[in-house]
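Single chain ahead, written as C-alpha cells, the form predicted alone.
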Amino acid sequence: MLGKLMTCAAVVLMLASAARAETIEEKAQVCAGCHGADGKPIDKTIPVLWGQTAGYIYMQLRDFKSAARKSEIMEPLVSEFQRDDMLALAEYFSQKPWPDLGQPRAPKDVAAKALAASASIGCPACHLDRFQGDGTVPRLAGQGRDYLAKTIDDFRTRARANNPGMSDLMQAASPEDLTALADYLAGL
C-alpha cells in the first residue's frame, strides 16, 4: 500500500516530475510533494526533512537507491540520482529551518519514563543530549510523533533493516517505554 494520501496517479506524476528535474531546487520541489513545501509533511508518517542533518539525509537517500531501506515511493524517485545529486539535496534540506509542527510537550510522567528509557538504551550517545543529532545521526527533537512511532516500530520489528543496531536497541525497551519516547521526542 502506498499510503493513505498517495494514489497511483500521484506517484506517476511525481516520477515524471523527478525525471524532468535538473536543478537541486527542482528536485527539492518533487520532495515537497510529500515532505511539504513549508517543511511540514502532508502525511504525519512522513519525516521532516527541513533542518535534518545533511549526513543522515544523504545516507537515507543512498539506502533508498540501493534498496537497503525499503519504500515503494522513495526507491523509484531516487533510482536515477547520482551521488552528487544526493549530497546536494542533503545539503539543501539541512540548511532549511526546522519547522514547528505544533506538537504538545509530553506530560511530566511521560517525559520521565521516556528519559529513563532513553538512558537505558543509550539514545544520547548518538543523538546527543537534546536529540539534535549530528553528522550522520538524525535529529529526533520535534520530529513528527506518528513518524517517530512508526520508525521505532519498524526498527523493533526489523521491517526497517538499514540500521540493525537500531533494531537491537528498540528491542531492548518495552513498547510502553518506546511510546513514551515518541511522545517526548515529538514535543521537544
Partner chain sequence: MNRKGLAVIAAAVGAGLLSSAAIAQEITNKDKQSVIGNVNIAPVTQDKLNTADKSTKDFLLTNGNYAQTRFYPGKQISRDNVKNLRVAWIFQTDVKESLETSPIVVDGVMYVTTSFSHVYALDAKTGKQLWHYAHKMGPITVYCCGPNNRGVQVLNDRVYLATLDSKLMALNAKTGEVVWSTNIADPELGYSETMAPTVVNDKVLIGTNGGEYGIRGFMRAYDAKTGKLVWNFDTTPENSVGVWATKDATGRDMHRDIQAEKDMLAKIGDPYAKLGGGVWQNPAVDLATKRIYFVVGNPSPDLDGSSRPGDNLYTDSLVALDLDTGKYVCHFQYIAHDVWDLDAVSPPVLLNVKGKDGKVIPGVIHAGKTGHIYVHDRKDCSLIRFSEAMVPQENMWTLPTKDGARMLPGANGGVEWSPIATDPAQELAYAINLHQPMTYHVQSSPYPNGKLWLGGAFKVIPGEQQSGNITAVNYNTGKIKWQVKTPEPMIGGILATAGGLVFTGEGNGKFAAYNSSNGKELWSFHAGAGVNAPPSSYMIGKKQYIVVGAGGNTQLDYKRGNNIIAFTLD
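Numbering follows the first chain given and starts at 1. Since the model is a prediction, treat every value here as computed from it, not as a measurement.
One more form of this protein, predicted in complex with the partner chain, exists but is not displayed; see below.
- The partner chain in the predicted bound form comes within 4.5 Å of no heavy atom belonging to Y147.
- Taking the partner from the other structure, the partner chain in the predicted bound form has no heavy atom within 4.5 Å of any heavy atom of K44.
- By the criterion of a heavy atom within 4.5 Å, I24 is excluded from the residues contacting the partner chain in the predicted bound form.
- The partner chain in the predicted bound form is not approached by E176, whose heavy atoms all lie more than 4.5 angstroms from it.
- Residue E91 is the only one of D109, E80, E91, E72 with a heavy atom lying within 4.5 Å of the partner chain in the predicted bound form.
- For the three marked residues, C31, D38 and P104, no heavy atom of any sits within 4.5 Å of the partner chain in the predicted bound form.
- Taking the partner chain as it sits in the predicted bound form, the stretch 115-136 comes within 4.5 angstroms of it through a non-hydrogen atom at L115, A119, S120, I121, G122, P124, A125, C126, L128, D129, R130, F131, Q132, D134, G135, T136.
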